[in-house]
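Have a look below at one chain only, the form predicted on its own, in structure tokens format.
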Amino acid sequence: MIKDISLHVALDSRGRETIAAYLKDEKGNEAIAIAPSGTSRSGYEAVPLPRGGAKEAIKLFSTYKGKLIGMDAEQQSEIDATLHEIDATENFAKIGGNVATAISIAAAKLAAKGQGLELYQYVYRRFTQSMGIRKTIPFPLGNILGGGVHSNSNMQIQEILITNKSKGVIENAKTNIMLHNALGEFLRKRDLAIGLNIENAWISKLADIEAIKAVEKTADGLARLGFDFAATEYFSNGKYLFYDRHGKRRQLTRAEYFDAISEIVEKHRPVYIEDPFEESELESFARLTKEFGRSALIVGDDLYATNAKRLEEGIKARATNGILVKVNQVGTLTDTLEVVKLARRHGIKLVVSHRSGETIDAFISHLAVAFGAAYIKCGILGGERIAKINELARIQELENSTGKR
């Protein structure tokens, strides 16, 4: 039984306020979860914090926490339903999605401790195994060159990503780190490097196409490319501010922009394409998926915001073959599991993701394994990013040692 809940102000990797939740049970077990926060956010996702910030969120929740005291930590759906009841809005605008996320994940951690299990083992045995999901060690997907709202540069694409198929997590991560260092050297030698962004991806003076070519040259067959366009961020008044085939940045119509994206995909053959269109343009997503879905994972992030209703719309439109999963977009583990179940039922692949404002809490590594995710999008360098990779490597060793018994 949950004996106590304590919320505290914590800082994410950008130095901005978020929420840490400390839960205790009657046996003395303790669990801590810290919610991350995004910079580029979908209009469909939960409000991270209410007006007044983290302190106001904690103050508001303190008057309601008695509703959760005494509940069984294993009653995840009841705990999460109570969080919705306390908030009484559609998007956690009252107490904040980060309050809900921290408490919801901490409750799952506490339940796992009570059973003597790792978080991934608990979530798998309790929830996802019955969905027909198999535990997987996902491939790390890392941001190597940044643009968009994450970086002050000429690049409209928010992230150029790399991934490789090395079997061991550490070996995989080391390859991505080696390529990250190599790209930095390539940019510095040509006086093209500006610095590192909030996810420790390089920022350069290059615009999109030349930036893609630079990463391709650096990867040199050791890794495959992916793109997070985050197109909603440069869409306004029915047009996209993007580069045409002549390398000139201008306002493109929907048709012109679709052709520009198709040309990039055709020429550079990425294995991963995230949010290539603004977050309500289901038809364009569906068309791109039909044309390139066999060779690439077309993923909705802002499009879905880890929301089951949005995913249902995407499934009807055949918009994507992948979905990005971020617990704090929807606020609770139960809501996230609803999305996981729906995606599984319709053959939509999962990518579990970090946020730009991260913490050292590595719960997404556990969820990625328990959800059977194809990739974990967790960055390449930085303590808060490496924490996810190290935890994933530890889980891989646990799974390997269990399989040998």
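Because the structure is predicted, anything quoted here is derived from the model rather than measured. Position 1 is the first residue in the sequence shown; the rest follow in order.
Missing here is the form predicted in complex with a small molecule; even so, the following discussion is about that form.
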{"query": "Single option in R310, K109, H150, H180 placed near the small molecule in the predicted complex, where near means a heavy atom within 4.5 Å", "finding": "H150"}
{"query": "Residue among L297, L324, L333, L206 with a heavy atom within 4.5 Å of the small molecule in the predicted complex", "finding": "L324"}
{"query": "Partner-proximal stretch of 163-171, 183-191, 209-217, 324-332 relative to the small molecule in the predicted complex, 4.5 angstroms, heavy atom", "finding": "324-332"}
{"query": "The small molecule contact in the predicted complex: Q158, any heavy atom under 4.5 Å", "finding": "yes"}
{"query": "Contact test in the predicted complex: N29 vs the small molecule, heavy atoms, 4.5 Å", "finding": "no"}
{"query": "Interface membership of S356, the small molecule in the predicted complex, 4.5 Å heavy atom rule", "finding": "yes"}
{"query": "4.5 Å heavy atom contact, R41 to the small molecule in the predicted complex", "finding": "yes"}
